[in-house]
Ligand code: NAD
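Encoded as structure tokens, the following chain is the form predicted on its own, with no partner shown.
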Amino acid sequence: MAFQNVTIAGTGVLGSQIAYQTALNGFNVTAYDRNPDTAKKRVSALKTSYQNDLGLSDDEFNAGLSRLSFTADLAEAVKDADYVIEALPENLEIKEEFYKQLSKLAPEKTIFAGNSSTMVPSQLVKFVDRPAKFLHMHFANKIWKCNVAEIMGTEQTDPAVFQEVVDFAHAIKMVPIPLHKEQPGYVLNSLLIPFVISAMALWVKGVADPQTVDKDWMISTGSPVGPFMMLDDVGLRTVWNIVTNLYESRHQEIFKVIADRLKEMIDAGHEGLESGQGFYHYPNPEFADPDFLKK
């Protein structure tokens, strides 16, 4: 494996998972975040999930933590990085500023990857100084068990770089999903985003409340989760960014209506699972009631 030192830029819901999953599998990981203390807490909070789902002992979980360091200094974070995965908010201006800074600070050897859910590599490659070493690597939430890594480059991406990233995906126990051409939303979100948008449209139009939508979906399909449970898990701030980008690119009024309703929830501190309230209340969500699907 060519990579040894990996930097994760941004430790939100997914960035924290990528950082820990990478460290757990033997890489030296630096997590770059403007608030390192919050980043540490977010990564440490993964312990219960890793122990419940993968059966990790305390010692095994702590071994992963021991390979992780945290910093708010980007120069320090990337000074010896072989690979940088950017997991910052879905905002083009934030990403542009970051990649321009990163290009100045990172060693020549460093490969850059974006984890954007809605933007394609050709939108961001113009901000980097090494287009041959730039691509996207996109993960699903709960990567320790939903372990796919969608890999998508541009026409300028060096095939050898693409293969290095495929090898890295294997090394951190992901199943690599190579895409042969650019596709907004990759495979996963090309299927998932229209689904959750349809669910939220039912909500904002007053057709049905979130719990009713989830119940209908779960009972009708046998799925263990509904769309609003998924949204709480991802985090409503991330969802708001995605929907706002859709409105800016497509100018469909329904996206603005959904974004405005989500913003009301976010402003009230109801950002989903991590904040304790979103469409459900945590740590004892309504869907945990054994009779949830019977009422």
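Take the two forms, superpose them, and find the largest set of C-alpha atoms that agree within 1.5 Å; that set is the rigid core. Start at 1 and count along the sequence shown; that's the residue number. Since the model is a prediction, treat every value here as computed from it, not as a measurement.
Here the subject shifts to the form predicted in complex with this ligand, a form of this protein not shown in this document.
Of the heavy atoms in residue 237, none are within 4.5 Å of this ligand in the predicted complex.
Heavy atoms of residue 94 reach within 4.5 Å of this ligand in the predicted complex, making it an interface residue. Taking non-hydrogen atoms only, residue 23 never approaches this ligand to within 4.5 angstroms in the predicted complex.
Taking the partner from elsewhere, residue 90 is found to have a heavy atom lying within 4.5 Å of this ligand in the predicted complex.
The candidate spot formed by 112, 121 and 157 lies out of contact with this ligand in the predicted complex, as no residue has a heavy atom within 4.5 Å of it. Checking 207-215, 163-171, 139-147, 190-198 against this ligand in the predicted complex, the stretch whose residues place heavy atoms within 4.5 Å of it is 139-147.
Along 112-137, these residues reach a heavy atom to within 4.5 Å of this ligand in the predicted complex: 115, 116, 117.
Residue displacement note: residue 238 has its CA displaced by at least 2 Å between the shown form and the other one (rigid core superposed).
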